[in-house]
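Shown below, as structure tokens, is a lone chain in the form predicted on its own; questions about how it binds or moves come after it.
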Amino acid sequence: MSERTERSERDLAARVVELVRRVAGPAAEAEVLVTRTDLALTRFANSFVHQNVAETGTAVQLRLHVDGRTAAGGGSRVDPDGLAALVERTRAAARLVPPDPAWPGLTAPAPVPAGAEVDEATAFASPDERAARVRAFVDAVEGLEAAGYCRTSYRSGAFANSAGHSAVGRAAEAAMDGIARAGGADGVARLCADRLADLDGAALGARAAAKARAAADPVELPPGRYEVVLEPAAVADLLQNLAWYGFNGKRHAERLAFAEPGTAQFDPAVTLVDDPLHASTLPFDLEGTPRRALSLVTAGTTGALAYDRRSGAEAGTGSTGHGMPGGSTFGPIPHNLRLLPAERVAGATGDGPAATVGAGVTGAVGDPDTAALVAGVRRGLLVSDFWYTRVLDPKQLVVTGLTRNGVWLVEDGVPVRAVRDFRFTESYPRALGPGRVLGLGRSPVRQPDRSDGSWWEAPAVRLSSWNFTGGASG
């Protein structure tokens, strides 16, 4: 089935390129991406599965440059009339837009990596297989209220352009995100993996339940700066905002990003790699550029930014494989960011599975990796998760947001009591700046994002200071 699907998508992409030649003439430049997506989601609430949904769709995206003008269009109809209509309306749009003197041209023919191996059992998992993990999660919380989801997704794509470049690829992913509730306290566990078989619902449920029970009867602490241990779910929010606002080549050219290549902006413990081929993602971008690992920060020094073809041409660097929908407006964004753990900093693209969660230590500290960081804290806070984060100052990347799903006061290396949620206001680059990272865990956990192949992978992190400005309702 997968080979037939890839062949069909390849044929569709080539057909659209040929239609462009007929409609707009041989001088027209066209690039086409055809993607098929199979997304399945099993939701649960009040400890019961309440929704199982599945969606399959094919999307065709066309970008056309003709007579010095550029226009883009898309659609979901793949019959001959639908493809012809897409080409006609994109050609009509190109007549109406202003000239595009900065058109960067098409991606030249180039080898495209094979990408990570696709797990067929995940790509076409059944509702019963997802429900089995939900059952294991619910059983593991032992009577607490549970809610969340288990999802599987499969994407296959084919690219073609009128310069003779083509590419195909496939990707599959599984993710689970669940909470357990004890009274008014929640505990969370989430994980993203290439294989559904790597999602252990019982381990995730046990972790969430232990965190929820440990978060009961929280006390209120005064605002101020505290040393913190951030668990991987909280670190994922740092990575997402750093990617969107910091390493975006277009925003850097507009002087809206903090990143300055060649400058030691982070602690030497920090190495950040955008590594799409580390997990199952399509091995090429919207413009057909092959994807590869991109070292954004090495041992604290900012080294690179993400570019698509347009922003890369303007910067004189070329594309880094980060063409994406909306990139002409917001800019290219790394979507597969890894904060390398302590023992892997020397090998930026080292392989090996991310550690699972839920084993070993119970209670406030969910795993031995985090426990090792907490043990060094004289007085500080253990933070499970951030949410509702909003950027106040994009240039300095000052972010405000809330903690959730558990915060604990740590004294002499031991979590001694649960704490009410805080609001915080912090510059993410400053918090990770030179001398501020007191420790990194050794077991990274991949956190799910949207179902389009985005993810964030990080270990727990110990930081010298985090600015909490008040209670969550303040």
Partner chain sequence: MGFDAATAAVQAALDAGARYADARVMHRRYESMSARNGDVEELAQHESIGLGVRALVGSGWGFHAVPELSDAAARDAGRRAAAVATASARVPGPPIDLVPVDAAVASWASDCAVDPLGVPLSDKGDLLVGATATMREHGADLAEGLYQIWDTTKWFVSSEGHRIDQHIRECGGGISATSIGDGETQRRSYPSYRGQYGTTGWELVTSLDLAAHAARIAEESRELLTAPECPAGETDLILGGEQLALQIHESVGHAIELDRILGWEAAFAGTSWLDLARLGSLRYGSELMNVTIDPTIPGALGSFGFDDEGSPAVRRDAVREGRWVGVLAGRDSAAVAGLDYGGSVRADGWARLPMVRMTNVGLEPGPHTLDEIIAATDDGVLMDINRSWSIDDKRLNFQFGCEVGWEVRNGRRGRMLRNPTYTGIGPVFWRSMDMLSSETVAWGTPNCGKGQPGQVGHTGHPAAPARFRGVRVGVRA
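Numbering follows the first chain given and starts at 1. The model shown is predicted, which means the values in this text are computed figures rather than measured ones.
Same protein, other form: the form predicted in complex with its partner chain, not shown, and the subject of what follows.
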Its partner chain in the model of the complex: contacting segment from 291-299, 208-216, 145-153, 267-275, heavy atom within 4.5 Å: 145-153
Interface membership of residue 57, its partner chain in the model of the complex, 4.5 Å heavy atom rule: yes
Close approach of residue 45 to its partner chain in the model of the complex, 4.5 Å, heavy atom: yes
Proximity of residue 53 to its partner chain in the model of the complex, heavy atoms at 4.5 Å: yes
Distance check, residue 39 to its partner chain in the model of the complex, heavy atom within 4.5 Å: yes
Complete contact of 97, 401 and 423 with its partner chain in the model of the complex (any heavy atom, 4.5 Å): yes
Proximity to its partner chain in the model of the complex, single hit among 203, 375, 93, 106 (heavy atom within 4.5 Å): 93
In the model of the complex, the one of 179, 239, 282, 371 near its partner chain [non-hydrogen atom within 4.5 angstroms]: 179
Residues within 4.5 Å of its partner chain in the model of the complex, restricted to 390-419 and counted by heavy atom: 390, 391, 392, 393, 394, 395, 396, 398, 400, 401, 402, 404
